[in-house]
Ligand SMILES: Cc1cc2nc3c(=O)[nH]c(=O)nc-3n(C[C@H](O)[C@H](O)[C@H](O)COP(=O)(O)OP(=O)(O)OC[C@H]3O[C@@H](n4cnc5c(N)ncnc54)[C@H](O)[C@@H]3O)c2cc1C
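Shown next as structure tokens: one chain only, the form predicted on its own.
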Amino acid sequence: MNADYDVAIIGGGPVGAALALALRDSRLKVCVLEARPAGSASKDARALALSYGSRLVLSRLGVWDALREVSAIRTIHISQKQSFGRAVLKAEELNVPDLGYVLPYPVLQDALTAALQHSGVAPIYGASVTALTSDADHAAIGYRQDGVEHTLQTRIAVVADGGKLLVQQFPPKVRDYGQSALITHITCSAPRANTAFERFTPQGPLALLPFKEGYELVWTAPHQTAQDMLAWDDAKFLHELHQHFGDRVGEFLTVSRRSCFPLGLRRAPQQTPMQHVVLLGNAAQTLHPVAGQGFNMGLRDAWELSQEILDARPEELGTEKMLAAYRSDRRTDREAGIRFTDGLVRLFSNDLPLISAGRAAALTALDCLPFAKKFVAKRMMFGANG
């Protein structure tokens, strides 16, 4: 049968938009269904940590040069509280210009949205998807727009909505870490240019990501502790932060508005029972923010799916054979990324003496072994398939 679209992408966030842009110069008929109205700005205040590998993908999409307010990470300092162990990764030692970048989520979203407006992709704004079904020939997407119900048929339905649509139909495996992440922007008296810090504490990791004149802070703590931290006045917050982090960047001077969200590992089934349907980004896996792997993995999902689609023969588009090949290509990177972030959280979020000593020794060994540094940095920048 003739479908309305070859590829219909549910969700116009960065991952869905990246996939659409990767397909824009093909002869395929592609649409993006986005719940936000046309022209509406993103309200997500988070900062994104992009890997160097993600920069290469965004450059291929023609988006990187349009980004503003981007701060480079050229050094990553890794340590644990009340321990001698530490490791330092440097871009110059790894023969890359940068290890990563920090920028506001809305900056990336707006650049991708602007690029879509000049592509051949059909955006359907204000479209709230209400149903997704499939049969042997196609997938059908039901959505509501301006109070009117619509249905479209597509050879491939890509779910890139963060996991909201199929969570009841195909419940993901969930691990609650018992932690929340508090995020805010801070300034300090002695910032280190282009240097990010990842500090492990018994209550969870703490990250300082260089941005503009200060740092984007991601501070993990047990749920109730994180809620209490939201209520601290600025002086108490900055004092407690110094107690946890130390004085590597001098005195903490100011803190901006704080927000908080719960953390966990959520992974959808590798293969859904639905034909002609594929999951991307947080719809496929949602990771702990430690080491900044989640969004970067989602962007690799989008790029590799686009290559699988572009390489497929017309009669294979959306078939189980094609989607199985994509899942097989992504399996190693996906599983390695999940194990890496999950292992870091489990290993470092405790203060058991023997484990603490082992962690310190491991960090020291990492700092002293160039091949180990290269292996870890490569995984962080390019994933397991890089």
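Start at 1 and count along the sequence shown; that's the residue number. Since this is a predicted model, take the numbers as computed values, not measurements.
Below, we turn to the form predicted in complex with the named molecule, even though it does not appear here.
For the options 170, 177, 105, 232, the one in contact with the named molecule in the predicted complex, meaning a heavy atom within 4.5 Å, is 105. Though the named molecule is absent from this view, in the predicted complex it lies within 4.5 Å of a heavy atom of just one residue from 123, 222, 85, 289, which is 289. Remark: none of the three candidate residues (309, 322 and 336) comes within 4.5 Å of the named molecule in the predicted complex, counting heavy atoms only. By the criterion of a heavy atom within 4.5 Å, residue 161 is counted among the residues contacting the named molecule in the predicted complex. With a 4.5 Å cutoff on heavy atoms, residue 31 does not count as touching the named molecule in the predicted complex; it lies far away. Although the partner is absent from this view, residue 46 contacts the named molecule in the predicted complex, with a non-hydrogen atom inside 4.5 angstroms. Proximity of residue 282 to the named molecule in the predicted complex falls within the 4.5 Å heavy atom cutoff. Across the options 148-156, 186-194, 292-300, 244-252, residues that bring heavy atoms within 4.5 Å of the named molecule in the predicted complex belong to 292-300. Shown here without the named molecule, the chain has no residue in 50-68 lying with a heavy atom within 4.5 Å of that partner in the predicted complex.
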